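Here we start with a single chain on its own, the form predicted alone, put down as structure tokens.
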């Protein structure tokens, strides 16, 4: 019933839809700025910036994972998992674990030594799954994002 497959450029609109559903789940739908055109260009062009695996249950798309190369000054080459999402009605069927396993296989196949990601602290189901898989939580680290006006202001400061 479950199939995990690499996304193709034909999946750009589907990926955009799943990203929007994820943003709605996280109560941040107004933060999605990316378009299907952006996804097609950035993920499937001459120099792909990311990869996506799509989960299908009985041929119906039910989730995705988006990841890309990451380099740590302490650990070396790894993969960064940006988003993992399974539609609510398909959760607790092992789909998220299978998507994560696909990323782990990609890391191992490319001699990358780790997979890194963040999870919202209120997402108890995801936190529980990651703990059960043996993931380490780096609670002392804070995620930082510089974008929009803050980014422009910094560029202008030393420009």
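Just so we're clear, the structure is a prediction, and the values are computed from it rather than from any experiment. Positions refer to the first chain, counted from 1.
What follows is about the form predicted together with a further copy of the same chain, which we do not show.
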Even though a further copy of the same chain is not shown here, does residue 60 get within 4.5 Å of it in the predicted bound form, heavy atoms only?
no
Exercise for the section: Answer for residue 76 alone: is it within 4.5 Å of a further copy of the same chain in the predicted bound form, judged on heavy atom distances? Expected result: yes
Does any heavy atom of residue 14 come within 4.5 Å of a heavy atom of a further copy of the same chain in the predicted bound form?
no
**Item:** Contact test in the predicted bound form: residue 125 vs a further copy of the same chain, heavy atoms, 4.5 Å
**Value:** no
Taking a further copy of the same chain in the predicted bound form and a 4.5 Å non-hydrogen atom cutoff, the residues of 140 to 155 making contact are 140, 141, 142, 143, 144, 145, 146, 147, 148, 150, 151, 154, 155
